[in-house]
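Single chain ahead, written as structure tokens, the form predicted alone.
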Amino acid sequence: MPLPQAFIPTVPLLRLRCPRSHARRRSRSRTSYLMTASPQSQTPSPRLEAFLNSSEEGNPFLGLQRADAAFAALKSRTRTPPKSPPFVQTFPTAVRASNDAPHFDVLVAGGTLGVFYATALQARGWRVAVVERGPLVGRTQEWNISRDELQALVVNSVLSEDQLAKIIVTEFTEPGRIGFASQEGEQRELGASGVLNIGVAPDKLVAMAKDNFERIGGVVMEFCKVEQVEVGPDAVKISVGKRKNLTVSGSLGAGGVGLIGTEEGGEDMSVSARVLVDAMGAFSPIAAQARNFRKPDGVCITVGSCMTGDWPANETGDLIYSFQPIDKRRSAQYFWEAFPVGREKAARTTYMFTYGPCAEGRQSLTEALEDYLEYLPTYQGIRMEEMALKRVLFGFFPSYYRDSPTDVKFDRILSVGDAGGLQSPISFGGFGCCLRHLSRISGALDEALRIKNDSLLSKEKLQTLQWYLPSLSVSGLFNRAMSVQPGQTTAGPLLDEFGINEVLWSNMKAMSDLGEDVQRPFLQDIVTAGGLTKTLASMAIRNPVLAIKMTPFLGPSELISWSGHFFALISYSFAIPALLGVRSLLERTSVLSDTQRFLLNRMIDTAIYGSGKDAEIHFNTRS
């Protein structure tokens, strides 16, 4: 389920590490298509204003205004692109300005999660630089993950085993709680072990990864904003702007440094590489241009806080919990998460989130926080006046599940993570998505870079890293099933206001009864052919009428599209043994060229990840 990154306090960023310019100055008027929104007045209630002002960290009042302005801009956006020139431009001639300008094998734009890709590639022997618009630091708010997933950092030489142990600051062993209310007033609950039960300290994690990266020769360019990207037959070149007197606040998704406040421009410089890895998140201007600036298919609104106080129970977490029907005022089905925080024994983080379309009728973040304050005491059994607020959390997470992963539109540029549309449309967990695909993406880029003429860095060849993944596409229906459209007060004509809870309880109960091999991958954002087939069969046997009642709420077109993804999921699963057999045979005969071997390996990767079989790699499960 969604795990927003912590609110980043408004602080002046004083240190510049962006090298001096070797290129002509450019106009500094260009900004991201989303960041052009100016703060819009959305007055919080006195209760919410007092809550925001009581935060120990940052300026959440200002951050909330800016986040709401950005969300309003996204909801009202049309497909009209920003003013020319486009952010990414392609040229038929060489783009490297001079031999004196810095040149690398790989540039990674976006460092909070991008530093993991950068370190993995630097460890493989490539010259890598990370470009980060702010300071390359992690947040104080913990990221929740499972222990098995963290091994990707060790396998890819990002951290050592000893360092991995040091970044874990919380671990709970009791099963995480899953619960859904019924029309009859019953709160039905079950548990799941080993899921999101590890709390990682992002500040420690990113600092260690950064130190390891620099120690093995990686270059970090902090306080440097990517202003323009030029692609040529010889290289990809980015124009990087120095930034001074910068303030940031708010949250724009996993890994993002937040909403831009004030800044002053400095001199620009040019940096080039053989390939650019876009790790700038869901609001990447490169990804926006690749998607032709279309609206997201859905947006998850998430708000929450971290507080200390006398919590009635703080030994375990809530993985997904709903004790309410559809909120008729907001046309929203609220879900909740909660996790103990290890740094302070009495601290607990709680989140409230809701799915829905990217429509102008959707509620604002301010309205969501108003509801959060109203419902939190009932959810956790606390008295707000007895709690001390450490930080406020809020964000909105767009999903493009109808056409994810993001197509590769440019030579020498690969978008990863949220920018690449690889995140789950259910959880929006950028950190988990990064760990899941870290080996696949770094391994494929390593293969491509070994071909000296860069023939594998064309958009056609890089597209093989972004081929269709049915395991990702089938998750779109779950997003839609948890979403309420503006104006709706029930889950369609055949289900009441508890209808979404009823469907989710049926789904979660079936998976729990089928065992951990089915339940755990799903809760960790991996849908498998075997697990999904067993779950659907079990649900049909237990309550055959429920699926019929849900059909009008979802719509026939959604179900027809989903059926195609479901059969593709099964097909991918059956294709894996055949593809592995073909590769084994051809490698023994030594008839494969480097390009053919690369393409065959990408087909195998796509079949494994597209069928959810990578769950067996990450969690040692078999469904």
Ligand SMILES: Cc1cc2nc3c(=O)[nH]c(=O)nc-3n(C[C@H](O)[C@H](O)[C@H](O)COP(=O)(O)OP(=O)(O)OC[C@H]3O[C@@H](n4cnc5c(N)ncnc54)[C@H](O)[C@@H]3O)c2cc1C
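The shown structure was predicted, so the numbers you read here are calculated from the model rather than taken from an experiment. In this text, residue numbers run from 1 along the sequence as written.
Quick note: we don't show the form predicted in complex with this ligand, though the next part is all about it.
Enquirer: Counting only non-hydrogen atoms, choose the one of 380-388, 531-539, 547-555, 108-116 that falls within 4.5 Å of this ligand in the model of the complex.
Expert: Among the listed stretches, the partner-contacting one is 108-116.
Enquirer: Which residue, K295, R139, K210, R177, is the contact with this ligand in the model of the complex, using a 4.5 Å heavy atom cutoff?
Expert: Partner contact (heavy atom, 4.5 Å) among the options: R139.
Enquirer: Could you spot which one of Q122, S272, N144, S475 gets a heavy atom to within 4.5 Å of this ligand in the model of the complex?
Expert: The option sitting close enough to the partner is N144.
Enquirer: Contact between F522 and this ligand in the model of the complex at 4.5 Å, heavy atoms?
Expert: Residue-level check for F522: no, no contact with this ligand.
Enquirer: I'd like to know if A279 sits close to this ligand in the model of the complex, meaning any non-hydrogen atom pair within 4.5 angstroms.
Expert: Yes.
Enquirer: Would V158 count as touching this ligand in the model of the complex under a 4.5 Å heavy atom rule?
Expert: Although this ligand is absent here, V158 would stay clear of it in the model of the complex, with no heavy atoms inside 4.5 Å.
Enquirer: Any chance Y351 has a heavy atom within 4.5 Å of this ligand in the model of the complex?
Expert: The answer is yes: Y351 has a heavy atom within 4.5 Å of this ligand.
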